[in-house]
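As a starting point, one isolated chain is supplied in structure tokens, in the form predicted alone.
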């Protein structure tokens, strides 16, 4: 217990009251000394001027939405012409050179829990291997290991956790011997949090001595990176680029040399991957231009006219779906911090358990609170020379978000197996299918056997016969 914080009670209480949050001390007389110290530490950590600005602008008197006209963004397409294929090869060569020089580090955002999947624990620990039940963390670790073997450097894996799952994630990695990467090859840092408020702008209490807080969004990655001193670690290792992805995309292509090459060749400070939306109402943000600045417009902020708009070819005008995969220049993160640039916060209406005025713990059935979240893609508007690269959905995007239906474990495993089936097909292997065209067997190929299609085609024997489930590892 920090007894020094108790001596600052009057000062901290005055700050809360001046910010209109004096109710945080409602249960003070009933708290023991340890609980009082804990509550004071929490209140003292709140940036009240920032919070008051957010409450005023996002809760009490919401700012009007940006009404600037939306325009399509320039996008490097999936290569189809000979010229595009040549540029693709050049980008790959540039990216592979940077990987051999150890200039890139993978960073995964892994602060989520598996609650929506009916799973207890960090989402990255969720099993997705069609035959091995290998978890998401294990798949990504094997991709990083395979890249180490191919290119040489021991790429450090940077993992952002949240206060809710940090300890469990670290323990999970230790229990699994760091998936072969070694304890010095994995570096954790914790996402920041913000207080949750009710619809009158009052901070909610989770208990009599605990403030209801929530993660500050994936935009908090950049602030937390600087706060954790990991930027200094990257600099000491000569790492110039961060390969950013999210833990729930089972097809995420970690350390993609093509993407790295396009990004570096353009001198980009931040770049993005996109896939074509499958239908107008698909719930993915789109990358576009507003006021000439590149950014992501969330699907909930896209008006119906733009959502349904068609281009000259009859396809969707705004088709570039954001898949949360970015290249980020390390110096760009420092530049934002040194310039005092803070990514904007957005409002999210959520259900947040809280303590009512009578001291009862309430589990709301409907959204009762506002959380403040920042989005990493808002940094695109500050980046010089950003690149947007189109990739094939079936090869790089299969999010795992729901227990059943779309974007579920069933679809994630299906998409993994279809990717492996396409590799086998290209290697000259006949893959059994049923009358409906679905796979008749289960397939799994470890990244340590083949990291990509090209390696699979070199390794898989063309005369391979598949009579049942197939595991290559």
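Residue numbers count along the first chain shown, from 1. Computed from a predicted model, the values in this text were never measured in an experiment.
Form predicted in complex with a small molecule: not shown, discussed below.
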- Query: Within 4.5 Å of the small molecule in the model of the complex, heavy atoms considered, which of 278, 228, 115, 207?
  - Reply: 115
- Note: exactly one of 170, 310, 350, 187 sits with a heavy atom within 4.5 Å of the small molecule in the model of the complex, namely 350
- Note on the structure: Here the chain appears without its partner; judged in the model of the complex, the stretch of 146 to 154, 279 to 287, 255 to 263, 215 to 223 with heavy atoms within 4.5 Å of the small molecule is 215 to 223
- Whether 251, 395 and 413 all lie within 4.5 angstroms of the small molecule in the model of the complex by heavy atom: no
- Message: in the model of the complex, is there a heavy atom of the small molecule that lies within 4.5 Å of any heavy atom of residue 203, even though the partner is absent here?
- Response: no
- Would residue 326 sit within 4.5 Å of the small molecule in the model of the complex, counting heavy atoms only? no
- Message: in the model of the complex, is there a heavy atom of the small molecule that lies within 4.5 Å of any heavy atom of residue 123, even though the partner is absent here?
- Response: yes
- Message: Please determine whether residue 234 contacts the small molecule in the model of the complex, using a 4.5 Å cut-off between heavy atoms.
- Response: no
- Message: If the C-alpha spacing of residue 215 and residue 113 moves by 3 Å or more in the model of the complex, is that a move closer or farther apart?
- Response: closer
- Message: Closer or farther: the C-alpha atoms of residue 114 and residue 215 in the model of the complex, versus the form shown, with a change of 3 angstroms or more?
- Response: closer
